[in-house]
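Only one chain is shown below, in structure tokens, and it's the form predicted alone.
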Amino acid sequence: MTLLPPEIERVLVPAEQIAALVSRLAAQVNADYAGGELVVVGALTGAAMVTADLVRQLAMPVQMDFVSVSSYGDQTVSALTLPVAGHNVLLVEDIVDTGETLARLQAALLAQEPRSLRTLALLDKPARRKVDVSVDYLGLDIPDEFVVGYGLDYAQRFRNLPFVGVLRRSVYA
């Protein structure tokens, strides 16, 4: 039993369940891209863990890059170091909340003319959706609660937790 930090109300998705979700998602990606190659693009910083765990289970040749979206002003999308034009691209997100960031990332990647673009998200909060976005590979729908851990943060804290936990309201309210 892992001791919870006092800021965490409860574990929502234990580490074992996360591992199973990532394995299931990797199996789906492996089936869809068998015999091909893939550029995996992780959305920083939250998706770093799921991206790393996912690519280690992919059976095809993989190139990996990361992209970020500034959360200030016009929400600029950072440039990739790898070219994606003409390649199959898998965008990896930790969580889809309002859909706004994911829509911006998808548009930025599509503008680079990949052969294909699919999206994978470990978690989804459909109750918070403001923008209709497409997610091809989804790990788990979760309730509308403030979650941290496994890459997800509050004020840059808790990303290192091996599980996804619910943050106590008193911490952020």
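A residue's number is simply how far along the shown sequence it sits, counting from 1. Everything quoted here is computed from the prediction, not taken from an experiment.
Omitted here: the form predicted in complex with a small molecule. The next part is about that form.
*Asks:* Going by heavy atom distances of 4.5 angstroms or less, which of L38, V50, V147, V29 would be at the interface with the small molecule in the predicted bound form?
*Replies:* Flagged contact: V147.
*Asks:* Using a 4.5 Å heavy atom cut-off, state whether R118 contacts the small molecule in the predicted bound form.
*Replies:* No.
*Asks:* Please determine whether T101 contacts the small molecule in the predicted bound form, using a 4.5 Å cut-off between heavy atoms.
*Replies:* Yes, T101 is a contact residue.
*Asks:* According to a 4.5 angstroms non-hydrogen atom cut-off, is D153 in contact with the small molecule in the predicted bound form?
*Replies:* Within the cut-off, so yes.
*Asks:* Looking in the predicted bound form, any heavy atom of I95 within 4.5 Å of the small molecule?
*Replies:* Because a heavy atom of I95 falls inside 4.5 Å of the small molecule in the predicted bound form, the answer is yes.
*Asks:* Of these, 29-37, 110-118, 139-147, 57-65, which stretch puts a heavy atom within 4.5 angstroms of the small molecule in the predicted bound form?
*Replies:* Result of the contact check: 139-147.
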